[in-house]
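In structure tokens, one chain follows: the form predicted alone.
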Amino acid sequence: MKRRFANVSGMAMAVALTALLAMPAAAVDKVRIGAIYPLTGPAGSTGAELKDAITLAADIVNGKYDLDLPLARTQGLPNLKGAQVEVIFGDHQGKPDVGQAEAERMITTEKVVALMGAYHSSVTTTASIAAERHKVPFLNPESTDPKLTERGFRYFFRTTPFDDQFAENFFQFLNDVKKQKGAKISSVATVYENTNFGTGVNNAIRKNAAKYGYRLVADVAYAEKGTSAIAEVQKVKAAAPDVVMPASYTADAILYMKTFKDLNYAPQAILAMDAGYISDEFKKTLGKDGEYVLSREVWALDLAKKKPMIAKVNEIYKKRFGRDMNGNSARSFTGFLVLADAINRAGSTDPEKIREALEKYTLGGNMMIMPWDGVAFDPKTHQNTKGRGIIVQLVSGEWYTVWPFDLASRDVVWPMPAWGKR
């Protein structure tokens, strides 16, 4: 009797096990992605722009939109049975140690399948170290320190062009201005915050100045978040460069422009390395005192004349958040869509399969709001090989593309007017 019971029990267990194995895997309802940005601190206003852009991108993935963008025309991730993406935001406050801790928390506690961020190159450096250690993909849409893709990391990918490319654009632009305007430009100066971003910019400018035959007559580093820029601007002014090339986050960019005016210093041009100079806070705080600044960029609203998708997305963004997109928010928006699309192509939440999907990833320029040829990652460095830069100028409260000249929506104002003639 006992043997018969045992046989029946064994058969029942076998049937139950067979049925269990035959059941389909549980559907994934949510795919969690961590986004680490400066939501408070000196770059908090920029962080808010990036958060809004990522939130919109997630909504486009989760909803259904009549847009030629990855995952826009379907709801959720089709290859994961329509799973919704959920963004877990972390605030690094502009501090590398906090960014690294946030990456650790998101991976171990929030159980994200991938990370993105972190705007500040210094924070991207530390946060991506944590991701590499845990073997979790980290997509970087905004940081431009060249060293980020020189570390041999397997899980780090960058969509934006970087400072070596942008610095070379600077001198190509100056050469074109000399031809078009007959301007006499032979010397430049740098003034930059002394973290990874600023020092990377300075090294790139130094290298390309030598390559293109320009003299670097001043090289002025400063500590981020200072309260006075008088000494630094006096050093630059004394060197008398034709063009000043600053690299600053928002609070510092505003401080330096105010100091340029206070010291009545106006070189032929201020040609900035993006970041704080193109933030909404810069334009709003300085008003006319921010006019005629030039900046490298990766995106501009006036490009919508040649790429209508820009206007369509910006209209949705502005209606929801009350302001236009800028180069920072456009890069974050694009980066999130690329990461979500790669997860969908992987058809899995396994970080290793997501990494493999990113390595094979390609996207055409017709499927994005960036003026790029698309996205494809170099197999060795994981740097996007299809990005490119533009140069914009702030005139009458709006940014206009002024270079390359074939993309320009208006002529560049050169030289910038003296402070007393505005």
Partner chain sequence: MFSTELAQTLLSGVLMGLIFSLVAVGLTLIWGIMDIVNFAHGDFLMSGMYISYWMYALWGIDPLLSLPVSGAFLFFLGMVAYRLVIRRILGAPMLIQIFATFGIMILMRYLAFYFFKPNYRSIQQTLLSGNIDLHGVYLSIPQLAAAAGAFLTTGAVYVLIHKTRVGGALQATAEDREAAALMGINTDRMFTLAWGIGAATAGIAGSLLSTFFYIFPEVGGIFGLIAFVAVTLGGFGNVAGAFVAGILIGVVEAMAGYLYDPALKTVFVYVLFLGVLFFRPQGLLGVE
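Numbering follows the first chain given and starts at 1. Model, not experiment: these values are computed from the prediction.
There is also a form predicted together with the partner chain; it is not shown, and the following applies to it.
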property: Heavy atom of residue 132 within 4.5 Å of the partner chain in the model of the complex; result: no
property: Proximity of residue 308 to the partner chain in the model of the complex, heavy atoms at 4.5 Å; result: no
property: Proximity of residue 75 to the partner chain in the model of the complex, heavy atoms at 4.5 Å; result: no
property: The partner chain contact at residue 261 in the model of the complex, heavy atom, 4.5 Å; result: yes
property: Non-hydrogen atom within 4.5 angstroms of the partner chain in the model of the complex for each of 222, 230 and 281; result: yes
property: The partner chain in the model of the complex: contacting segment from 287 to 295, 85 to 93, 348 to 356, 100 to 108, heavy atom within 4.5 Å; result: 287 to 295
property: Contacting member of 270, 204, 251, 303, with respect to the partner chain in the model of the complex [4.5 Å, heavy atom]; result: 251
property: Contact assignment for the partner chain in the model of the complex, among 266, 316, 216, 255, heavy atom within 4.5 Å; result: 255
